[in-house]
Structures are given as C-alpha cells and as structure tokens.
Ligand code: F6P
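Below, in structure tokens: the form predicted alone, a single chain.
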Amino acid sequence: MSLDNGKLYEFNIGNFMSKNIAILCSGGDVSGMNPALKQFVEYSLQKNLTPYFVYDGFEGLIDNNIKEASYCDVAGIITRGGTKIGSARSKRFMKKEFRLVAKENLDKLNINMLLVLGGDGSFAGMDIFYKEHGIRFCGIPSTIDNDINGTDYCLGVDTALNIIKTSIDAIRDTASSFKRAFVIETMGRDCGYLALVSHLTSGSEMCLIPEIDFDLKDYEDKFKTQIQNGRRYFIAVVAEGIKQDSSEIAQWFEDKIGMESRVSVLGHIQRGGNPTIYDRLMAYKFVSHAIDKLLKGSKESVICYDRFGFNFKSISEVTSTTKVLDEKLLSYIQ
C-alpha cells in the first residue's frame, strides 16, 4: 500500500488490486459454514470489497455459478447448519483445462481473491490453481475430523462434539435401563479426534481409534470384574476407521463379556445441526483474519489456530504432514 496526497492506493504486483473477493465451500459440509458466509459478506462490505458466492465448490468455479452477495443473502442463516452456497468434491478441478475455465470465469468478474472453506485436499488444489493462474487465496480449516496439520481447531468441530455428547447421553439412559453394551461409532476414518474427546468427556468405558493399536482381550478381565462389582452397562466410543467393524465389537461384548449389545452409528448427524456459540465465534474470527491477510497482499496461506492464537501457515506445512493427536490426551486411554 502507498499513501499519496492523502489518498490510499493498494497495489498488487504493479497493478491496482481488485476490490472483488469470493468464497466457496469444498468437501464435506460442517456447521459453522453459514456463520462464516454471513461474516464474509458483512466484513467484506465493511472493508469496501464486493463479495461473491461461488456455489457448489470448485464445480461452481468451472460452471460459472458465481454471484454477487449482499446482506439479504445471509440474513437468518447464522443458526443453520450446512452451507447455503452448497459444497462439492470436484474431479474436474483436478484437470488443468478445467482450472483454466475457472480462471477465465473469475477474470470476467475481476475476482482475484478467494476464501476456501475446506480441508487439506481443497487447499492443495488451490495451491496448484494459484501457481498456475495467480488467484490469491486463504484457506479456512473446515472439517469435523479436526485432522488438518498445523491447526488445533477446525470449523465445525465443536458442534459435532456437542451432537455426539447429546447422543451418548441419550444412549446411556437406555443402556443402563436394559443392562446393555452400546458401541457408538463416530466419524473419523483416519483421525480419532472426535471419538477420543467424546470418550474423555462422556465417561465412556472404552475408546478405540485408528491411532492406537488395540487387542480386545486386554479388556476382558477388567470388564468382567466390573460386572461382578455391579456394573450394569458399557459405553464404547469407536472411530469409523478402526481395524474392526463396530458390529464385531458388539459381538465381542456378547460372546466374551456376556452382555447384550447394540451398535449405534451416528453418521452424518455429526456434520449438521445448529452451530454452537463457539463455532459461530470461530467462524467470525477465521473469516475476519483471512480477509485482512489477503488485503495485506498475502498470496496463498491457511489460517490456523493454536495455543498462540491465530497464525498463518503455508500450504506445504498443512498438507505435507499427517495430523498427530495430543499425546497427553492419548495417554489417558492407553
């Protein structure tokens, strides 16, 4: 930026910076995306930018489904889960010819800044897009799995955890009434964060996640002793990515522990629902920091959150390493 005779100018590699900015959602939806869209529109207008929505993720970039957004487009959406502008996974965007089409569509609207709500796969795709065509972007981690390296928190996680908490509390009522074992399966194909935190905060008796090898035999004597001492039920929280199917865990309870069992797969209810206060606040902060970063001339980055607060990391930092769960939390179930 430069100041000349009291007038503020913004420069981008020698040219006047576009005042148009767009946002899209990519991959799985999460509660918190709609609050992010609301803040995107309101903060963009506050910063004298013209906000645009890209509908249906990268597919919308290719199909030119890009529309200017206003206050009326985001009125009332802060309470809703999912995303008003849709999300998608795009195989076409992996091909160079379709990325060129996307660039041409953005050029027609003079858009050279993008906010991307998604995961590391979406950020990797945008990294290629930037290097080919110079469309600057900032990624906002948005996945309930909380499996993006470099950030302790991803948008949507708190809402998902609260939905799991409510589900476990409700299932506990019937488990104790019927003297049953319930195997509750959470999402988490490669990362057991949801199962781990839900286990620790619900008081369940077993937690099985992909990060820790387990042998069910190790639980047999302990669980049988608990039954002899009066235990009437068991709650086991397992991530979908463990080496055994949830139904096999339930069968083990019946065959080896001697307790009737049921499986409850929570599935996609974890991705929806009314966004919690914390997810709404994080959406507000993520978006505001991301727009500010782009206005300062940032080319490509991902906004992250850790014990030091908000910070920005390169795409390679985020995508090159697998997320590792907190060792202290892991120690509680080993």
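These numbers come from a predicted model, not from an experiment. Quick note: we count residues from 1 along the sequence shown, nothing fancier.
Not on display, but discussed next: the form predicted together with the named molecule.
None of 55-63, 288-296, 302-310, 267-275 except one has non-hydrogen atoms within 4.5 angstroms of the named molecule in the predicted bound form; the exception is 267-275.
Residue contact with the named molecule in the predicted bound form: Arg189 places a heavy atom within 4.5 Å of it. The closest non-hydrogen atom of Ile144 lies within 4.5 Å of the named molecule in the predicted bound form. Contact annotation for Glu211: none of its heavy atoms lies within 4.5 Å of the named molecule in the predicted bound form. Shown alone here, Glu240 lies within 4.5 Å of the named molecule in the predicted bound form, counting heavy atoms only. Taking Arg89, Arg262, Lys165, Arg172 one by one, only a single residue has any non-hydrogen atom within 4.5 Å of the named molecule in the predicted bound form, and it is Arg89.
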